[in-house]
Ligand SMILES: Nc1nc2c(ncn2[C@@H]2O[C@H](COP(=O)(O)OP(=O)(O)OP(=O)(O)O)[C@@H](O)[C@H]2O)c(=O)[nH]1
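Take a look at this single chain in structure tokens; it is the form predicted on its own.
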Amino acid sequence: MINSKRIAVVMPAYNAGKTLEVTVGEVPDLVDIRILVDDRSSDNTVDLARRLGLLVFQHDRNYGYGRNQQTCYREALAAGADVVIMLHPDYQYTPLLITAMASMVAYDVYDVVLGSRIIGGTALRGGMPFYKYVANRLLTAFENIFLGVKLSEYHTGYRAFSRRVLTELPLLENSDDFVFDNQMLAQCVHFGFHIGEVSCPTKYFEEASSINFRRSVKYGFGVLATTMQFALQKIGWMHFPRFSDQGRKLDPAYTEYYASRTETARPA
């Protein structure tokens, strides 16, 4: 706990068997809840996660990174978490920053905290491909202009959220794919949540997950579309469920909506 608030780490996993143990080994002891959601891996991710003492849930098929996060957050809320940190189990981001990120949320300094690979100039030194670095900087500049905020990076997969953020955002209106991350941040800005950043070194290596060039291009166009939807919503020209108070929200109580979904996320 931090400031009497329960801390959860959630790990959206897909074929993370080679890096999971070293990632979990660096998670601080102050974390109360450790959850892994497996998106139907073909390796030993689930068995290893069980041996490491994680609370494990498994999808009945591969639904995608965005849907995996929805399950992660829903299960963390159901377990009583007050602060939730999303950490990739591929060891690309250091778990040693969990204490700092969780503290900033637990003490109500920020509602959302991002681990930025750009602050401190560590991205390229950590092995980020140059084309991804350039795309990151260009997309971030574009988003800062239209979203009206000033972040160093929107594309990190290392994030901490307050319980209020996860229960109030209409996360079920977002994509099942990688652009979920970006849509979620646009929602945070739209609904007035305060976003902070910390410098986070990153490591690119063979076992670390990374989307290929084709999917990176698809993600980039998704970011542009999300940004323009935000701008059109802001000036009142169009309205999107993603940016509506009536949009579908996570419900840790497993409502009728979840029962009707094709997804099965069950304890593994």
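These figures come from a predicted structure and were not determined experimentally. Quick note: we count residues from 1 along the sequence shown, nothing fancier.
Separately, the form predicted together with the named molecule exists; it is not shown, and the next lines address it.
- Partner contact region in the model of the complex: 62-70, out of 62-70, 46-54, 26-34, 226-234, criterion any non-hydrogen atom within 4.5 Å of the named molecule.
- In the model of the complex, no heavy atom of Ser162 sits within 4.5 Å of the named molecule.
- Contact annotation for Arg117: at least one heavy atom lies within 4.5 Å of the named molecule in the model of the complex.
- The shortest heavy atom separation between Phe178 and the named molecule in the model of the complex is within 4.5 Å.
- At least one heavy atom of Asp90 is located within 4.5 Å of the named molecule in the model of the complex.
- Interface residues of 1-24, taken as those with a heavy atom within 4.5 Å of the named molecule in the model of the complex (partner not displayed): Pro12, Ala13, Tyr14, in sequence order.
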